[in-house]
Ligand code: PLP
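Take a look at this single chain, the form predicted alone, given in C-alpha cells.
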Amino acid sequence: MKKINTHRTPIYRESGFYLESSEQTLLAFKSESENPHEPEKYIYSRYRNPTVVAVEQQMMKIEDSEWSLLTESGMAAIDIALSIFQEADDKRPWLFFTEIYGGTNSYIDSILIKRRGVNTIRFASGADNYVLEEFIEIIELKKPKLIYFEAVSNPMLIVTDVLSFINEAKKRNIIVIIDNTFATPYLWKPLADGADLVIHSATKYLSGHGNISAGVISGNDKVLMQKAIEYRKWVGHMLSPDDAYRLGTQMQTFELRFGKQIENAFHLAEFLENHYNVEKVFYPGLESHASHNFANKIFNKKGYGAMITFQLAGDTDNIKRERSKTFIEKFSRYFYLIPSLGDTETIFMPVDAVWGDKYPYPGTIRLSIGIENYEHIENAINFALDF
C-alpha cells in the first residue's frame, strides 16, 4: 500500500500489531519497556499505540519533561502517580494538602485508605494560605514518604508557595507530586523546580474544548517512567487513539487559548472587584488576594490563571441565596452551568451547591473564563448582577 504524505500521525485503531519474526518479537517486547516514546515495533494498543505516543511526545515538549504518559482521565493519571509508590511493607505516611480536587479527596478516602490501607495525613491551610512553618513541623514529626498538592486550589484559588514547599520536601528526600491543572505549563513547570511528578487533567485547558476525557503524567526519572508504564498497562489506563488524536490537535492552540483566557479573566476580576453587588473576589491576579505575592513569584507575572471565584453581596445568607438563584438564571441565558472548567467557552458553577459541606458560603460563584470577546463576558455578568 502506498504511504500518504501527512504531517500528522494517523489514528491507529488496531488493538494489536503484527510482528514478522521471532527476532522482531523479541525486539518489540524489549523496546516496549525500555524505549516507550521511540519503540522499534508496536505490540498491543493497551501497551502502546502510535497515535498516543505521538501526542505524548508533543506533551513532553510542552512540559519540558523527559517523559509523558497519557491516560483516559485526570483521575487515571492521579491513580498511576500515587499507586506506583505503594509498597506492601512500607508504612510511611503520605501527606496530602486539604485544598485539592474533591474527586482526589474521595479517591484518597475510598481507595487509598479504605481499600488499600495507606497511612495518610491531611495538611490544612490557614484562613488564606498554607503556612510553611507548620508544613516543616509536620514533615519533621511525621516523616512522610510523599506529599501531594495543587499549585492553585479549587475553588478558592489559593496559590501555594510551591518553591519553598518543594525545597523543604526535597531536603528530606520526600517525593513531590503536583496536580498543575489550573496553572498549566503555560504559567509554571513543576519539574524544573524539583517536583518528581506533575499531573494534569488534560480534559481541561490542554484539550480546552470540553469534548474529551484525558489525563497526563510527566516526569524526568526513567525509573518512575517504567513503573508508570507497567501500572498503566496492567490496569488499562491507556487513552484511546481517537481521543489522543483530538487532544494532539487541540494542544496545538493551547498557548493561544490559555493566553486569551488569562487576559479575559484578569479584566473581569478587576471589574467584579469594583462592582457594588459583589462582596469579595478570589483571583490571584488581584493585590487583594492573599496569594498574590506567591503568584507573582511562581508565575513570573505571565498571568494568574483563568478561574475566578466571587461572592455576591447581601446583608444576610438568605439574601445571598436568592441573589445567587437570580444570577444563575440570568447568566445562564448567555453561558452554561457545567461542572467542569478550561473550555473555550465561559462556564460556571455555584460553589455552595457543590462544595457546600466545605465552603458553606451562600452566593459564591466559580467562573471558568473562555476566549470570547471580553465585552460579551462583561456585559453578561453586568446583566446577571443587576438585582
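We number the residues from 1 along the sequence you see. Just so it is clear, the structure is predicted and the values come from calculations on it, not from any experiment.
This next part talks about the form predicted together with pyridoxal-5'-phosphate, which is not shown.
Chemist: With pyridoxal-5'-phosphate left out here, work out from 291-299, 69-77, 118-126, 88-96 which stretch has heavy atoms within 4.5 Å of it in the predicted complex.
Modeler: The contacting stretch is 69-77.
Chemist: Just one of Arg257, Lys145, His237, Lys204 has a heavy atom within 4.5 angstroms of pyridoxal-5'-phosphate in the predicted complex, so which one?
Modeler: Spelling it out, the residue with a heavy atom inside the cut-off is Lys204.
Chemist: Which residue, Ala195, Ala81, Ala306, Ala214, has a heavy atom that falls within 4.5 Å of pyridoxal-5'-phosphate in the predicted complex?
Modeler: Checking each option against pyridoxal-5'-phosphate in the predicted complex, the one that comes within 4.5 Å is Ala214.
Chemist: Does Leu341 reach pyridoxal-5'-phosphate in the predicted complex, with heavy atoms at most 4.5 Å apart?
Modeler: Flag for Leu341 set to yes.
Chemist: Taking pyridoxal-5'-phosphate as it sits in the predicted complex, is Thr181 near enough to touch it, meaning that at least one heavy atom pair lies within 4.5 angstroms?
Modeler: Yes, Thr181 lies within 4.5 Å of pyridoxal-5'-phosphate in the predicted complex.
Chemist: Does the 4.5 Å heavy atom contact test between Asp243 and pyridoxal-5'-phosphate in the predicted complex come out positive?
Modeler: Outside the cut-off, so no.
Chemist: Please check if Phe165 has a heavy atom lying within 4.5 Å of any heavy atom of pyridoxal-5'-phosphate in the predicted complex.
Modeler: Outside the cut-off, so no.
Chemist: Going by pyridoxal-5'-phosphate in the predicted complex, which residues of 130-161 come within 4.5 Å of it through any heavy atom?
Modeler: If the 4.5 Å heavy-atom criterion is applied to pyridoxal-5'-phosphate in the predicted complex, 130-161 yields only Glu150.
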